[in-house]
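Okay, so we've got the same protein chain twice, two forms, each given alone as structure tokens, structure 1 and structure 2.
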Structure 1
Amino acid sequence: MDEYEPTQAGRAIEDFVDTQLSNWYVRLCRRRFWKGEYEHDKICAYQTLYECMETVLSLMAPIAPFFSDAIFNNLNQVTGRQKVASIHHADFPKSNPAYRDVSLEQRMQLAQDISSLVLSLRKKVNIKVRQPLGKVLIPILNAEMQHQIEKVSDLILSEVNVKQIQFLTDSEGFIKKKIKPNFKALGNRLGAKMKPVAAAIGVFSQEEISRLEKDKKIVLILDGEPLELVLGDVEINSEDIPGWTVAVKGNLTVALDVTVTPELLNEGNARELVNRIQKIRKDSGFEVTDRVEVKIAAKDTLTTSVAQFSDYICMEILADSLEIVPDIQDGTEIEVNDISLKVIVTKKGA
């Protein structure tokens, strides 16, 4: 802003609100707000979200003076943290580069990248996020990378709904990579030499591909002359292995085990059911704190799911009882993974 670049400032705020705050922090931390007791972790979450909003509102106040002031006052009237009547009387936050934790930023970036790869794989094989899966395999380039991912593995697992991450130190033999030249990038540079270079790239071994990925470049000898290729000169893809699906972004590769075991299916059903009942709660106008009682006329496989995950379901939907009954006259018809059934959700004491 001191450089009179308001467009860049505005876009940076937009990006922070959208990709970091809303679609990462709040998404991943939702449960911290609605679950558990009002104690350390929850207070941390509230304080953190509060501070984020307060900062964002201050940063955006010059461009959007109304909304920022309205929300600022909503916040400040409760907390009285700032002794001003308007955000426009407050001080602009001062940036402190020393405050940054680069290593933390790196691993959070890894978590975001891995999550987005896994979610893209789920989309590709059409398995929704609510259906838990067993395992993600990540080939690692070095020990530091593994260490970093381990630190954020809980975030990843809950975000992508997978049970565990396994690391591969040597991807060869398990994940097969395909390589082809990036004609757009190379064509301009090479002209007539394009053809022999394309042929040479076509016969790259897995080892050569890994080396290129790791070093981000590789030197080819063509007609006795060295030619350097960089990562952008080629496109590397992975071949799927039966029961797995693979995605690549830069030098990050993930493989997702897409086998849905009966155990995982039951859990998936339970989660799906929770989602439907939450919607009923909302549609019925219940407060988020209202306790409920639920009756379900479940059939076949769903009965197993409900029985097995009864405690989990009750906890999620704030139910004091969850009863499986043979039939329900007037209830809400819902669908769980293509099986239709009826439920009745009643507010306790109502």
Structure 2
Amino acid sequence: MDEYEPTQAGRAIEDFVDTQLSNWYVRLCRRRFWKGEYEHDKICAYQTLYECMETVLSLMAPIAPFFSDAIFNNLNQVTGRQKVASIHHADFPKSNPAYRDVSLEQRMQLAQDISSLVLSLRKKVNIKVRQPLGKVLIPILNAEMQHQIEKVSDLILSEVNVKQIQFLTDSEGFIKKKIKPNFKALGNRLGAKMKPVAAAIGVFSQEEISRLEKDKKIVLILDGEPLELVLGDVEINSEDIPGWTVAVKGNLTVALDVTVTPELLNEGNARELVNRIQKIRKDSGFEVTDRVEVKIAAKDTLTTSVAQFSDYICMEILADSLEIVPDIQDGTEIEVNDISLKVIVTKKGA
């Protein structure tokens, strides 16, 4: 802003609102916003969101003067926090370094990166997020990395619907890495040396690749002269292992166990059923708090899934009763993982 770069400022605001605030914080806090009484945790969630919105509006006011002023006034009329008639009469926000928690930012970035990699692997093998999986393996570069991931492990497991994170202190022998030069990064810098450097990178051992990932740099000796390579000078990928699929981002590697056991399949069916019944509730015009009674004409493996996870299903769909019946003449036909069945969802007391 000070150097009159409104485009860069606008994009920075957009990235924060889209990537961090909306698609991460708000989405992960839905239950905090909607479930339970208006107590300490819910108040914290709302106040954090309010402060973010108010600050973002102040930051974007010079770029979007009318839009920011309209939303600011809507908020301020309720809270009266700012004793001004317009956002353009309020002080511009100032950063306070004391508010930053760099360690928290780092582990939250790890959570986002790991979640993104695992979700990309699910998409690669066409396994829906509602289908639980057993395990994610993460090779760790140091004890601090493991400590940081452990602090956000519950968040990651919930986000990617996997049961367990397992850490590998030495991935050699399990995860095989492939390395090649980043010609775009190295080309201009090396010129005629590009060919011998590319050849040297191509024969890196697994130990050398691991050292480059840990130290983020490595020194080559070419014609008796040292040449430092950094992590951005190369592209590192991993080979898939039978029963697993692997993804890499920078020095972060994840391996996802894609085996769906009968137990995991049953839970996946239950989650899919919840999704379908929630849609029926919405299409029927039920209120969010309405209690319901459900009858299901289930067959095949779905009978086992419903019986095993009936408590979970009832809790999610606000059902006071969930009955498996031999047949349903009317009702709504749905499909759960390619299995067709009929259900009846009625509002309690209707």
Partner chain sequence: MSDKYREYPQLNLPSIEQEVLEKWAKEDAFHQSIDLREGRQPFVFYEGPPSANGMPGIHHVISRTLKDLVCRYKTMQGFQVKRKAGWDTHGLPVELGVEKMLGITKDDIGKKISVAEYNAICRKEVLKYKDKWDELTRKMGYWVDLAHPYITFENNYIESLWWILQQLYNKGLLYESVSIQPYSPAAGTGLSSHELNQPGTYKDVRDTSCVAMFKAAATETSKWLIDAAGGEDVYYMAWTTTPWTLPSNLGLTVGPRIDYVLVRTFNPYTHLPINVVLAEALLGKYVKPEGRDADFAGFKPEDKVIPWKILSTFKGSQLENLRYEQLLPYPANTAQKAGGDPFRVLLGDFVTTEDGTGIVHTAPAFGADDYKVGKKYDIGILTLVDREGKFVDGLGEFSHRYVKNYKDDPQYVDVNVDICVKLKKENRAFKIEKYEHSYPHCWRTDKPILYYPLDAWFIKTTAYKDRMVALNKTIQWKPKSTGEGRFGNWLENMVDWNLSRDRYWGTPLPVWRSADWDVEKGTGEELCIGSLAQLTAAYEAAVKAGYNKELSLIVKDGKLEVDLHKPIVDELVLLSPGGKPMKRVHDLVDVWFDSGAMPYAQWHFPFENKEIFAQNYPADFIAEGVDQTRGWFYTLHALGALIKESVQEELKKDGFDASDAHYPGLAYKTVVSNGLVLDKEGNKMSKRLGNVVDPFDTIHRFGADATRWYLITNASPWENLKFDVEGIREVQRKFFGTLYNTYQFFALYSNVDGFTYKEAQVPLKERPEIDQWIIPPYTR
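Along the sequence of structure 1, residues get numbers from 1 upward. For the two forms, the rigid core is made up of the largest set of C-alpha atoms that agree within 1.5 Å on superposition. Since the structure is predicted, the reported quantities are computational estimates derived from the model, not experimental observations.
One chain, two forms displayed separately, with the form predicted alone being the second of them, structure 2. With the core held fixed, Ile324 shows a CA shift below 2 Å between structures 1 and 2. Core-aligned CA deviation for His40 between structures 1 and 2: 2 Å or greater.
Once both forms are fitted on their core, a CA shift of 2 Å or more is seen for Glu51 between structures 1 and 2. Relative displacement of the Met194 Cα between structures 1 and 2 on rigid core alignment is 2.5 Å.
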